[in-house]
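Okay, so here's just one chain, in structure tokens, the form predicted alone.
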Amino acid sequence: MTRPFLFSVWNRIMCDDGSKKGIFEAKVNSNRCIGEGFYRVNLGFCGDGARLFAGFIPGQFVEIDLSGAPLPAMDKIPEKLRDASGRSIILRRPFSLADVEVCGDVVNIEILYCCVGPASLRMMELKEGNVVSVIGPLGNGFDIDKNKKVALLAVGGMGAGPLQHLARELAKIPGMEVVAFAGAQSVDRLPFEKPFGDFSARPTLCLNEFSKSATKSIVATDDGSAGFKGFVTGAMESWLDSCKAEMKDIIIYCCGPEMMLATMAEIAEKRGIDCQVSMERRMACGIGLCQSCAVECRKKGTDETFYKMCCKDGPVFDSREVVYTL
């Protein structure tokens, strides 16, 4: 599938969609390392791009073309990625947004990413003033229910980005209590700004990215190196056991590994809590054309299943409709 072909398909789809998404150039404002392998890149849009991204919904995503970005010097490439680093980057890469800021006629977006392959290696090399091609906004985001009294955000590893953005939007709802549960294998794998301070004995702390929206944070690490020792699902269950709110007044928003999402769905089902999950699949095109990101779903009220496209129908789904791949 050639780039010119995809470009023509994209133009046709945008016309049919009432220009709710598009292909835009974004200028790199900053690109900084926040921990070993973790980065935050800030991109700026103007014109039509700014108009569309000003209405970006938490949980939606973008596709970025990194084929023209250079590789880092060999000594900056982690040894485990050196063999793969030379691969050609043919397809765009999908990224959720950690923040959206409207500054007059300019809209700046921030992306949290982890260096895991040849595309993200090139992303590391983006410098202030560079320009990248971005397709978006794409997919469907989280449905914010203003009638709920408590919103619980379940973060697994790199699922932190879209839930940081969501926390900022939830903070605008009067009377809404928002609590973020952030889990990782160990303290050094938490994709947040350092330093955290001394919280080894306390599961509750203010992670900087959530404290900006006055969101309480509870950390869980598998090895017990910070906060609650165990999975983030266990930390949330422990919190729910002592919660005084009625379950019908609570909603859970999740983003992370599929095993975590499946467990969160079980917890929500058992307690009668509404839950939305952000799924991850290989989304090569981002528009439902390549059919590579199928998510098996249940037909309500039956044992039948059918497939939805993660990029077009998601990536956010009701937790009860998904058939999880474990």
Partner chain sequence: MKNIVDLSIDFAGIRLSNPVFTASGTCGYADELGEFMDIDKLGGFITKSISVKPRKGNATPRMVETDSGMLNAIGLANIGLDRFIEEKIPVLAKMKAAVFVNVAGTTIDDYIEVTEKLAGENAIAGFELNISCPNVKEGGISFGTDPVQVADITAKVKKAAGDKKLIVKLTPTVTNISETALAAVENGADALSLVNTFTAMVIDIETRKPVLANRTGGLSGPAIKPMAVYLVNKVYNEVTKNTDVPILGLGGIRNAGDAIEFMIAGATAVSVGTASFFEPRSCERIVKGIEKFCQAKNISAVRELTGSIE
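No experiment lies behind these values; they were computed from the predicted model shown. Numbering follows the first chain given and starts at 1.
Only in words, not in the display: the form predicted in complex with its partner chain, which the text now covers.
Only one of Ile287, Ala50, Ile273, Ala262 comes within 4.5 Å of its partner chain in the predicted bound form through a heavy atom, and that residue is Ile287.
In the predicted bound form, its partner chain sits beyond 4.5 Å of every heavy atom of Ala268. Within this chain, Gln291 lines the site of its partner chain in the predicted bound form, having a heavy atom no more than 4.5 Å away.
Contact annotation: Arg92 falls within 4.5 Å of its partner chain in the predicted bound form, judged by heavy atom distances.
In the predicted bound form, its partner chain sits beyond 4.5 Å of every heavy atom of Ala26. Judged by heavy atoms within 4.5 Å of its partner chain in the predicted bound form, the contact stretch among the candidates 156 to 164, 69 to 77, 82 to 90, 140 to 148 is 82 to 90. Shown without its partner, the chain has Met309, Lys312 in segment 308 to 324 as residues with a non-hydrogen atom within 4.5 angstroms of its partner chain in the predicted bound form.
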